[in-house]
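Have a look below at one chain only, the form predicted alone, in structure tokens format.
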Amino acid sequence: MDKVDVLIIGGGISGLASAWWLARSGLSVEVWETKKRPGGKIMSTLQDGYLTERAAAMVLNFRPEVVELVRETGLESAKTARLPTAEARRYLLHQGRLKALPMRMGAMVASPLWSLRGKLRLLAEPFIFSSGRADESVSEFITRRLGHEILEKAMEPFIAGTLAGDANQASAAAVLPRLVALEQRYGSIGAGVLINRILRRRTACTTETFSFRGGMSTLVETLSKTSGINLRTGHTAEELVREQDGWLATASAPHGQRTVSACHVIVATPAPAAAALVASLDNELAELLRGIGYAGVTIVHAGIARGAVGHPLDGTGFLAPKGESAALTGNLWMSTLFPDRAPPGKVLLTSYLGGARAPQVADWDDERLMDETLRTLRPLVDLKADPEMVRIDRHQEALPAYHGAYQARMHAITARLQHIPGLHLEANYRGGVSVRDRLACGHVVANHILGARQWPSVERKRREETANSGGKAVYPMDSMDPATE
């Protein structure tokens, strides 16, 4: 029977990120992944010269931990920054046409997107009192602070298009934590933004949007090949047994059952799989996990000759409010965002359909999906010909729906875990769904594990680094803030 410091069940981006932060500190780490390849839903595919993303298409980062990970993995040289042509505009579908969406308060007030009443309501934001409630939905929070027009024309499409959620059900504290925190700390979103800009201008991590040469799969492949990480594909966890000093985990493996002993176990699977695995340990924890719902998303990639698209495609793409588009929630102009996403003289447009707004999309066949996508796109981007390349990716359980009293559920999960030492849950239903969030949360759980006890392997590495540095300790985790978001 093999013994490791940390066993990670689930080889998606959450599990790989946790593994990387732990392995770089000298712990022995094994990762079990059910499928033949790591990365979960993240996968880049090259088809007819078009590079498409099955799930996450980019990293929008403002976290120093992510900067550190990219630098230390050697991925800095593989980064592809957002092209200058994509910096200028973000579009919103408004009254059947694409309108530039203002990103600053002054531009928002001047924009024709809002009525005079909507603008006046927006300007009144600093004078709105806090509700004092901890369980407001996105709709309630945004309507109270910024007015119904901002909700309907900007925030609802953001929640539906990027999170596949329903603004009427999504927890504001869970999906808009930074905005809620600004109100709680400063009493106003606008005042909080202004104060933060003044106080943090010289120290804040620069916000950047990037991908990698070869797509997001490059990130997955680099993390999975990290020295110290033993990746085992085709391993499906079947049982977790608590021992006095750790855990015994059993998996169904390609050559029969396999059992591993570990001091700590990180379960980095979707909530339903995690619930099944922990049910024998804590039924209440399993019930909390079973209560987390997921929304399905269908992605339609269309490769088109540049001359067949009349729109300049001078931006990142567009979001579509519910009143403007029932099924299609957004469209990314991938060939405008990053180089090498389409052959010369071609463009790649990636559309997102379904989510909590339109769950019926999951039942549509390919023909109906293409009909709906092209019917929406033709007048908006002046599409004059059918695509020459089409790829459709379907995800029945794409993203966790942060609906209802979600923060209370997360607090209850954390409380239950305190009674099961050595067990950790690390997946996109906790702490955010973006790649940035998953990399940062991996850093948090690694710090928690590293601080839980003295690890002989870590101490040995510390001594070796001290000797190699002429007596000065060089321990990579010492300077990191273990605080969670």
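Position 1 is the first residue in the sequence shown; the rest follow in order. From a predicted model like this one, the values you see are computed outputs, not experimental measurements.
Just so you know, the form predicted together with a small molecule exists too; it's not on screen, but the next bit is about it.
With a 4.5 Å cutoff on heavy atoms, residue 428 counts as touching the small molecule in the model of the complex. The small molecule in the model of the complex comes within 4.5 Å of no heavy atom belonging to residue 414. The small molecule is not drawn, but in the model of the complex it has a heavy atom within 4.5 Å of residue 14. Not displayed here, the small molecule is kept clear of residue 70 by more than 4.5 Å at the level of heavy atoms in the model of the complex. With respect to the small molecule in the model of the complex, the three residues 64, 222 and 443 uniformly fall beyond 4.5 angstroms at the level of their nearest heavy atom. With the partner left out here, the small molecule still marks one of 431 to 439, 415 to 423, 22 to 30, 44 to 52 in the model of the complex; by a 4.5 Å heavy atom cut-off that stretch is 431 to 439. The listed set 268, 320, 159, 172 contains one residue whose heavy atoms approach the small molecule in the model of the complex to within 4.5 Å, identified as 268. Contact annotation: of the candidates 399, 370, 193, 231, the single residue with a non-hydrogen atom within 4.5 angstroms of the small molecule in the model of the complex is 399.
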